[in-house]
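Shown here is one chain on its own, the form predicted alone, set out as structure tokens.
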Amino acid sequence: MSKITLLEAVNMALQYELQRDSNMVLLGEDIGLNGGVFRATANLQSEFGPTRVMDTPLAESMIAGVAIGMAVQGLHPVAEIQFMGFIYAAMEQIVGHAARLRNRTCGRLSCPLVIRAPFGGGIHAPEHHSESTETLFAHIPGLRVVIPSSPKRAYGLLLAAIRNPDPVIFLEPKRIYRAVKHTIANDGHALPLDSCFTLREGRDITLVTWGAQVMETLEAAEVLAHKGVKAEVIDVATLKPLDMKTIYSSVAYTGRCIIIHEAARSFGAGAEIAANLAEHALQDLKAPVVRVCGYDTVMPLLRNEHYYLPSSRDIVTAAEKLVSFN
């Protein structure tokens, strides 16, 4: 076993499943010969051939439509959209067809499809390359939305997504593609979908987050610990369906909650979590639920990204205010 990055963990999971499942295919723009814009599929076409790792035209609607057709005919496609900002052309196929097939056919057909897309800011990319619009898909019945936050979770959750009988939107936070390395056994062990992961236990406040923001949240928890505040950190991991049971349990113990995400603040997943807490855990709360989020603007270009992305300092400041709330 060697230490690998999140990007390498994605590649390893795809390779494992291509070896295990002869019905699995990959398709996307430049994923074959070039190995993808981030090299997530590097060397897979040379190992498995162009009929299983397929380069496509620059046509996201076609990629999604072909992948859906493959899925209903017995294949297990994993389609890559180069950046989440390019996924909107594919939404009619994903929302109008992939998400509805099981319901439309009364269970006669399912759609075992994974759509991968790098998402989020932090790499100084131009417009359309830094989107965090995960809530668009979380709103759609019939879709799962899965977001890994580390190499270990990327490997295990991607395996679970590929083996799932229904469509999964698998969003990879590109800011941490190469940020950390984990030692991972390439043993095919999948992690559970539809479950949060408690990364750090605490008694004073619950910090709920996902994706790249897990890194800043854990940093904030460490700073708070030195200040005498013990924060519990929860990685949502599967945004839809949302494991509120784990969040309720934590908030019942700590009495306080901050939700952190880099997506725009209004109508985001943080608001959904806050609404659930207001409806079902109000008596456990000692203070209002707080959101630390991005702004209701397009992600700023290049060097201005850091003004938009929530920082560990922002989280610490919000937490200190919340624990002192009377």
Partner chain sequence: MIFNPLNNDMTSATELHSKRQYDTYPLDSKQLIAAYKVMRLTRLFDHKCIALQRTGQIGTYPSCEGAEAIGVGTAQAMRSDDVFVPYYRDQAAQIVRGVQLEEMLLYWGGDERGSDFKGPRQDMPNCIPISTQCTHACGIASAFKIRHQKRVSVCSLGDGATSKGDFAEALNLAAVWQLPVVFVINSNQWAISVPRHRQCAAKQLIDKATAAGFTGVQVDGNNFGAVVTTVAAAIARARAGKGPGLIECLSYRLSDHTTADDASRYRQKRELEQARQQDPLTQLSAQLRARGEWNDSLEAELNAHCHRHIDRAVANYQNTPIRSAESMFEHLYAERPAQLDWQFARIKTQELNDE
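Positions refer to the first chain, counted from 1. Keep in mind that what you see is a predicted model, and the values were worked out from it rather than measured.
Form predicted together with its partner chain: not shown, discussed below.
Taking non-hydrogen atoms only, L159 never approaches its partner chain to within 4.5 angstroms in the model of the complex.
In the model of the complex, its partner chain sits within 4.5 Å of a heavy atom of V25.
The shortest heavy atom separation between Q93 and its partner chain in the model of the complex is within 4.5 Å.
When contacts are judged by a 4.5 Å heavy atom cut-off, A271 does not count as touching its partner chain in the model of the complex. Residue V72 is the only one of V72, L199, A179, A225 with a heavy atom lying within 4.5 Å of its partner chain in the model of the complex.
Among the residues R104, H189, H124, R203, the one placing a heavy atom within 4.5 Å of its partner chain in the model of the complex is R104. Considering its partner chain in the model of the complex, the lone stretch of 46-54, 295-303, 257-265, 282-290 in range is 46-54 [heavy atom distance within 4.5 Å]. Contact residues in stretch 57-72 (any heavy atom within 4.5 Å of its partner chain, taken in the model of the complex) are P57, A59, S61, M62, G65, V66, I68, G69, M70, V72.
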